[in-house]
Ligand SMILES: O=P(O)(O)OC[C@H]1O[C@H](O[C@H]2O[C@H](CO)[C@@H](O)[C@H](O)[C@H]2O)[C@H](O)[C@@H](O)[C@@H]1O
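Shown here is one chain on its own, the form predicted on its own, set out as structure tokens.
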């Protein structure tokens, strides 16, 4: 069996196991990185609908439609046929809890958790996305028994300030900034796991942040959050009639920065480096760091609510082990296997996981 306490001391070795593809020889990377064997691949920026790239009215329509699609309203009837059919495909993780735990027998469970919308409710002001004390206690108890990581689009320091549990792994900026627990419970030696594959982009992200702050002035409700290795332009409080204008301003800034790409989340536009690194790569890195890169003796469980969490769900499907759990009250296209309705159900699931582990311990 793979040693669950083994941690790769050479961070780049773990990155090498997680990233595939060729190296882009851009001058953005230092020679040591561009010529390294670790194969940091770049995303193509040509990810937008064709109409967006053609300019004019079609551009605005395409962007607003895409923004709506990434931020669905919650006025669907929960008793509708669509909901029922979706629940058949993605049953409640609470309803099939025993089935999940049956798959966990004789395996090391590893828990990955998104933050916003998963551990805390979605709020209008992202600076006030506090988790309930009961949720913090549930996460703390889970971490006593299982390696546990928070994987968020927010910067690592900000997520830590919300959670304040030193025994967790934290993967901020969509996994581009990873650090292990200071308690080192799941580590070997004195090193914390630390991975920053996009550190060459830091000066650029700071520069673009300042420019965006100026560019979005005049659009009521818009805000820019600096998440260190990525930027989040929030439009949750922006009138829908202004979404096209906001998207145009953001895209206008990015025209001068071809090494950055634009993606979408729930009521947010995300600006990230073009390296091929996301939440899926982050969980691959963490599993490798824990000694489970190629192990069959592990059951990863990833719980998240956003489009960016789909990258992690896809990795678990590709591995053929573990489960993705989508937090959503409405039907969504997803790679997750199971579902939960809201953060309160996530908390209950975590509490049941701890109770299951304690019962197993008592019976042995």
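Just so it is clear, the structure is predicted and the values come from calculations on it, not from any experiment. Positions refer to the first chain, counted from 1.
One more form of this protein, predicted together with the named molecule, exists but is not displayed; see below.
Handout entry: Triplet 267, 279 and 305 all within 4.5 Å of the named molecule in the predicted complex via a heavy atom
Key = Result yes, every residue of the spot touches the named molecule.
Practice task
Name the residue from 103, 157, 194, 123 that puts a heavy atom within 4.5 Å of the named molecule in the predicted complex.
Solution key: So the residue touching the named molecule in the predicted complex, by this definition, is 123.
Exercise for the section: Name the single residue among 148, 274, 108, 232 that comes within 4.5 Å of the named molecule in the predicted complex, judging by heavy atoms. Expected result: By the 4.5 Å heavy-atom cutoff, the listed residue in contact is 232.
Practice task
Given that the partner is absent here, state which listed stretch (109-117, 238-246, 82-90, 282-290) has heavy atoms within 4.5 Å of the named molecule in the predicted complex.
Solution key: It is 109-117 that comes within 4.5 Å of the partner.
Problem - residue 129: touches the named molecule in the predicted complex, heavy atom cutoff 4.5 angstroms - result: Taking the distances in the predicted complex, the answer for residue 129 is yes, it comes within 4.5 Å of the named molecule.
Exercise for the section: Mark residue 137 yes when one of its heavy atoms lies within 4.5 Å of a heavy atom of the named molecule in the predicted complex, and no otherwise. Expected result: Residue 137 lies outside the contact set for the named molecule.
Exercise for the section: Please check if residue 167 has a heavy atom lying within 4.5 Å of any heavy atom of the named molecule in the predicted complex. Expected result: No, no contact at 4.5 Å.
Handout entry: Touches the named molecule in the predicted complex: residue 225 (any heavy atom, 4.5 Å)
Key = Residue 225 belongs to the contact set for the named molecule.
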